[in-house]
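Just one chain is shown here, as structure tokens, and it is the form predicted on its own.
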């Protein structure tokens, strides 16, 4: 990917990272003043003018506010950073960025964020005669998953793309931009785009009764593979024919930890050993957080538009796990 097409975000940017970004003309979203000062020094050292934006946090009516990232809108931190960039003239301020939270169920919150970023952009135009090229509203858009503790299913509570789009575009269009100076709108909509594209196939290991009489079904995958089960009640379906009889059950993973719970309560037909299930909507945040705790990680298969299957990640093996390990010389001859 050409560096000029990359947006470099996050609070942990090393000097080496920033040099690489500046050299390749990447967009750098500044998170804090220490980073701002470092970029200024590197710009002088490298005799380049980096393209930058600032991350802005704000009150959108959703709490807790994600104010650990970026510069606050309400208390003037954002303008402080803007002034430092504009008056120094070592960087080119081209954008404004916000990321107000995760799995946001309120389109109106994005409308508020868009209004406040637009206000900053228009203020920059008025004060410095500088047009901001883009507004990045970040991510956090909800998928159709069901959050733990939710009374209704995610398919009924999660906003549609149209609702998010209406709130954001209306706020920007009403902000007061001249038509031919409207900023480009960027969205980081990863989860909402790919969550529903992924499913997990699992197998029943055994059944038992808990001390209180509840049915417990133990699966061959746990929170080591399905990390998002900590905050989602994933939809789970049998993968073979089943009867109309159903029973409430607890679904456990195979790990030797009591917190290895896939679903604390789910209504399913009785499943026997070697039956298969499908866990739905697991495309986001699982492979990036899974781990080889007790069990090695499975293969990943992609099904193309012609329903042909392709292995896109091989099943983990002991060799692949040990490939990065280094044995100290003094331990190579160790004997019991």
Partner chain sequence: MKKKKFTIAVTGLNAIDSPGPGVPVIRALRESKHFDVRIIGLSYEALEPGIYMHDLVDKTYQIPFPSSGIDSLLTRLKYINDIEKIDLIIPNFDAELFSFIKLVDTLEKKMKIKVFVPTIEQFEERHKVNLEAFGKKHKIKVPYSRTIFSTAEIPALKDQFTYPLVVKGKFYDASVAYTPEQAANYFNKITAKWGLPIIIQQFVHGQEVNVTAIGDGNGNTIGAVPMRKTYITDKGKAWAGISIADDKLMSMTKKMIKSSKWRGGLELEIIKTAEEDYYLLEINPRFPAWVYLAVGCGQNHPEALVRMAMGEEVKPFKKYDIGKMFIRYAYDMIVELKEFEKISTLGEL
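Numbering follows the first chain given and starts at 1. Treat the numbers as computed from the prediction; the structure is a model and nothing was measured.
Just so you know, the form predicted in complex with its partner chain exists too; it's not on screen, but the next bit is about it.
Proximity of residue 152 to its partner chain in the model of the complex: non-hydrogen atoms within 4.5 Å are present.
Heavy atoms of residue 156 reach within 4.5 Å of its partner chain in the model of the complex, making it an interface residue. Considering its partner chain in the model of the complex, the lone stretch of 143 to 151, 184 to 192, 169 to 177, 219 to 227 in range is 143 to 151 [heavy atom distance within 4.5 Å].
With contact defined as any non-hydrogen atom lying within 4.5 angstroms of its partner chain in the model of the complex, the stretch 308 to 336 contains no contacting residue.
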